[in-house]
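Here we start with a single chain on its own, the form predicted alone, put down as structure tokens.
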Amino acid sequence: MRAVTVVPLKSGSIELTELPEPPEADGPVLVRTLGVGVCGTDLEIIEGDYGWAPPGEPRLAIGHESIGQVIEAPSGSGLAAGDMVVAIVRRPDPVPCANCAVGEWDMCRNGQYTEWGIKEHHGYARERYRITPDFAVKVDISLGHLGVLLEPTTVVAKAWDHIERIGKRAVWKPTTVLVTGAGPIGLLATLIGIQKGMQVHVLDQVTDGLKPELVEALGATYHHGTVSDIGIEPDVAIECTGVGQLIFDVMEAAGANGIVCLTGVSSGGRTIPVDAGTLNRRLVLENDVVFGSVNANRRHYEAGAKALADADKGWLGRLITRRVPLSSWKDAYTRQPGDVKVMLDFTA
């Protein structure tokens, strides 16, 4: 079967290659891939920044944002032929650690987890895969190919889950949210914030075009410029860019008892001046919390699936700015102006 693969840590090694059929050891549910989303992680793996092939194999099939259709599933599995499913990315470590043992593999403590399409297991940019029922999440059939948005939605579903858990430390009635970055993660964070009845402000660099339109279509407020230009002290801030200076600007802007969630990953290697003393004073005296969040467990996939099912399908459809057929697969991994979310279409 055809698959998009790389030699991990080797830039320029991406190819459309042939892989054997998925082994039955991967699970009793056989899924046909309909599409995979392309994100920054894929591009970094392609550039050779990281990635780990399955043990004993030279290449890794990439792709962790998936939408597929069940071909066959055992009775009693909760799945049937024709069901639309999204496959969970991370698998618990074999030890397991205390968190993996209770299904919180996104909070693994020893790093021995695997991630399909990233770390030590083939991903979903292949025509078929097998999976166990507990790692396949059924999505509303009406979503169709839009189900490919579920994995990025889980990132912010987890962020909101942890924000609300932290908020329970005291009486907390948040109303104002700042989202930095209007890429897929930022837009989906905005979607969930609006669904929760929040006043959401989104900050990004572009001044016009699709991103401001998508933000305003949700009923949120779009800004460009700096954090200080917005003039708010948000109860919640979700930082989705990983830009160093912006991270500190968001931390300084947060209101009393504010909660800042960092979802963007910084590239490193850059030094910026920070008044650590003033920042520390603000965080301590205002009881602010800053935390990082990555990956998701099944609870977050189910929450994300509900958020997408409740969303306007027309709005979701505008997030997918390009559907690239498998015959033109290279185009999917080449950034173009105006891209929000690109999907490699295995059906075309």
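Note that the structure is a prediction, hence the values are computed from the model and not measured. The numbering used is simple: start at 1 and walk along the sequence shown.
What comes next is about the form predicted together with beta-D-glucopyranose, which is not displayed.
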property	result
Site test, 26, 121 and 135 vs beta-D-glucopyranose in the predicted complex, non-hydrogen atom cutoff 4.5 Å	no
Residue 115, heavy atom within 4.5 angstroms of beta-D-glucopyranose in the predicted complex	yes
Any non-hydrogen atom of residue 300 within 4.5 angstroms of beta-D-glucopyranose in the predicted complex	no
4.5 Å heavy atom contact, residue 191 to beta-D-glucopyranose in the predicted complex	no
Residue 315: touches beta-D-glucopyranose in the predicted complex, heavy atom cutoff 4.5 angstroms	no
Single option in 90, 201, 211, 130 placed near beta-D-glucopyranose in the predicted complex, where near means a heavy atom within 4.5 Å	90
In the predicted complex, the residue from 39, 46, 34, 307 that sits within 4.5 Å of beta-D-glucopyranose by heavy atoms	39
Location of beta-D-glucopyranose contact in the predicted complex, chosen stretch of 164-172, 271-279, 135-143, 150-158 [non-hydrogen atom, 4.5 Å]	150-158
Members of 186-215 lying within 4.5 angstroms of beta-D-glucopyranose, judged by heavy atom, in the predicted complex	none
